[in-house]
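Only one chain is given next, in structure tokens, and it is the form predicted alone.
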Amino acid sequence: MTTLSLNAPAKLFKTRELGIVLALALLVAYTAIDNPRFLSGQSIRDNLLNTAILAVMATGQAVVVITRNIDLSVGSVLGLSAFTVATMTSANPGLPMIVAILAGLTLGAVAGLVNGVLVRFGKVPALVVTLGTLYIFRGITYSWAGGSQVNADELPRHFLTFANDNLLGIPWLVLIALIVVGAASLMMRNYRVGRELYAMGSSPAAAELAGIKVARNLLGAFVLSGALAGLAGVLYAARFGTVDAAAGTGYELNVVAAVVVGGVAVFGGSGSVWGAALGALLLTVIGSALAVLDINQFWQQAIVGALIILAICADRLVAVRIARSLRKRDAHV
């Protein structure tokens, strides 16, 4: 018990997520000193609601990146899901919210399955496949919408109020994001499939030789990423109300940035879902803080780019230190 108590702080200081938490605390403190309204209830609520959508997508993306792949189509899947669900609910006002959520999940899962099949059985790099489907899914949405949009006054009240309703004071969007991140984290840490996904990212060839069902796991990772992007589309439609074919444009870059900044290795095999969620929170707060501080939006993008480079450099340093410590340990055996 004593040993555990002594080791706990040491482990805490070694976690990659600690750097994100410290950066977040410094950013919030600096912004709040300049403008105390940054810590108002409404400001915190807006940041959490915006983070929820990004965190849901980052969770699926983190699982894919851990397998040494990437899913660039998530922004288009969000747009297609948001427009589909908004059109469905405007045409059927009595449609329960759970049906809308299931529709978004199913649509996204099908899109993810297409990506997974092309990557695994087509032997095409995930970067190429998902870049192509990014444009295909967006093209389908534009062709379907034809320049039209679904306005908030066309959507049923229960659908629009879902984003603002809460359970025990926690907004539904935030609660859903916490459930998604918690469940995915549990899967990655405590179940065999999670360990197999990490093994696939560490060494795909060794994973094949070890008898891991690489095809099944890879398809599962892409289906999960697509399904969560579809779910994010439903949350997006409920949060913003007005949806057109451009919904979610550029989100894929924010999602990848959140995952990388959150400490998930771009070469696969390490990182955590909670880190990706914290990365999403940090990027959202940066966007809000720069707006509050009246700083040009260009600097927001520049800071996000700098964070990505710093995260990759930090990841390489950690990888080098781990490799060096393993060599030293082997030398003493």
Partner chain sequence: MSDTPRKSSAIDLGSAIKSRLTSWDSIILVLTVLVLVVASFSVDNFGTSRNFTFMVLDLLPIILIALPMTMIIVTGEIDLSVASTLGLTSSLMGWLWNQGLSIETIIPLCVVIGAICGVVNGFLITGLGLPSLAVTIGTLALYRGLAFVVLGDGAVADFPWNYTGWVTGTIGGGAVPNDLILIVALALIFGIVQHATPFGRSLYAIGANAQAAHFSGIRVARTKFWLYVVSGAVAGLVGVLWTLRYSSARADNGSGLELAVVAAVLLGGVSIFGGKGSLPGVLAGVVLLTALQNALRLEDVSGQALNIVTGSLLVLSVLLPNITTAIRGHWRRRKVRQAAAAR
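Positions refer to the first chain, counted from 1. These figures come from a predicted structure and were not determined experimentally.
Heads up, the form predicted together with its partner chain isn't pictured, but that's what we're talking about next.
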| request: Identify whether its partner chain in the model of the complex is within 4.5 Å of every residue in the set Ile179, Arg189 and Val285, based on non-hydrogen atoms. | output: no
| request: Choose from 22 to 30, 55 to 63, 291 to 299, 270 to 278 the stretch whose residues reach within 4.5 Å of its partner chain in the model of the complex, heavy atoms counted. | output: 291 to 299
| field | Residue among Pro204, Gly241, Gly132, Pro171 with a heavy atom within 4.5 Å of its partner chain in the model of the complex | value | Gly132
| Does Ala306 make contact with its partner chain in the model of the complex, using a 4.5 Å heavy atom cut-off? | yes
| Partner proximity in the model of the complex: Leu49 to its partner chain, non-hydrogen atom cutoff 4.5 Å | no
| message | Within 4.5 Å, heavy atoms only: does Ile44 come near its partner chain in the model of the complex? | response | no
| request: Report whether the minimum heavy atom distance between Ser143 and its partner chain in the model of the complex is within 4.5 Å. | output: yes
| query | Taking its partner chain in the model of the complex, which residues of 111 to 131 have any heavy atom within 4.5 Å of it? | reply | Leu118, Gly122, Lys123, Val124, Pro125, Leu127, Val128, Val129, Leu131
